[in-house]
Ligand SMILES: Nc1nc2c(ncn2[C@@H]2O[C@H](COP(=O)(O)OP(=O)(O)OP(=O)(O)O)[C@@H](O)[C@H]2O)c(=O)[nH]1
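A lone chain, given as structure tokens: the form predicted on its own.
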């Protein structure tokens, strides 16, 4: 996709220029043992996690032992190739309904503050812009501002919204949203659900009710159970995802706010731990900043390279 690498580079500036600044500063010089230690430290500071740092550093050190003329630019290429290899196969696609005619349902889950509601609207907008009729369902009926927030997004982006009053039964909203999507011949139904991990029992009960209601509408629904993770939280996201997956089996993840953090390396650790497909990443505030994940573009951007170099 034209401009995708640039979007990744722009979005990951704080990771590539900040946490990996020590590496990019070595691009034009021959490396020494102290530089290897510096690279390792900066990779840890970007929250890549033990396994990924180990794999990257083993590859760089092996080449350095063979070639003492190794420069920072060479190390960057090695690191990017290792990272791309770790993430090989991580790109995911959303699943469609079995008959291809009923609405394909996407339930977005996650804690408050992850960007879940905003992502719901951006996802619906992306489908609509692609000519695919989409309905949004405001199933986060607990949070006072959630309905208003998603309504404003829906109006701004021209996406149809089904909602109810605060405190309404979220499963009932999901049922009404599905009925509306079905009646209008929509291809996608995007449901924004409540994010309340601090009250785990109530949250999970509501999610289970939503799943049960949807399965009555379509035995294969929800077709996509997607967790939205705040990229700035780093490796803490792993425990969040595991908690949700236990009661609401996940089919993929969306990682948001990568533009606002120097910890963009956590994406690799989350994928290694969960093996959940990465569907989209959030690289900015605009609707078009929600982009399909591309592992090579991500790896190249992190190490300040062009995709053709890896």
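Residue numbers count along the first chain shown, from 1. This structure is a prediction, so every number in the text was calculated from the model and none was measured.
Although not depicted, the form predicted together with the ligand is the subject of the following passage.
**Q** Out of 205-213, 88-96, 113-121, 68-76, where are the residues with a heavy atom within 4.5 Å of the ligand in the predicted complex?
**A** Comparing against the ligand in the predicted complex, the contact stretch is 113-121.
**Q** Counting any non-hydrogen atom inside 4.5 Å, which residue from 240, 149, 220, 128 sits next to the ligand in the predicted complex?
**A** It is 149 that has a heavy atom within 4.5 Å of the partner.
**Q** With heavy atoms only and a cut-off of 4.5 Å, decide whether residue 285 touches the ligand in the predicted complex.
**A** Flag for residue 285 set to yes.
**Q** Is residue 47 part of the interface with the ligand in the predicted complex - any heavy atom within 4.5 Å?
**A** Residue 47: no contact with the ligand in the predicted complex.
**Q** Verify the contact flag for residue 52: yes if a non-hydrogen atom of it lies within 4.5 Å of a non-hydrogen atom of the ligand in the predicted complex, no if not.
**A** Taking the distances in the predicted complex, the answer for residue 52 is no, it never comes within 4.5 Å of the ligand.
**Q** Is residue 257 part of the interface with the ligand in the predicted complex - any heavy atom within 4.5 Å?
**A** Residue 257: contacts the ligand in the predicted complex.
**Q** May I ask you to list the residues of 131-162 that have any heavy atom within 4.5 angstroms of the ligand in the predicted complex, in sequence order?
**A** In sequence order, 140, 143, 149 come within 4.5 Å of the partner.
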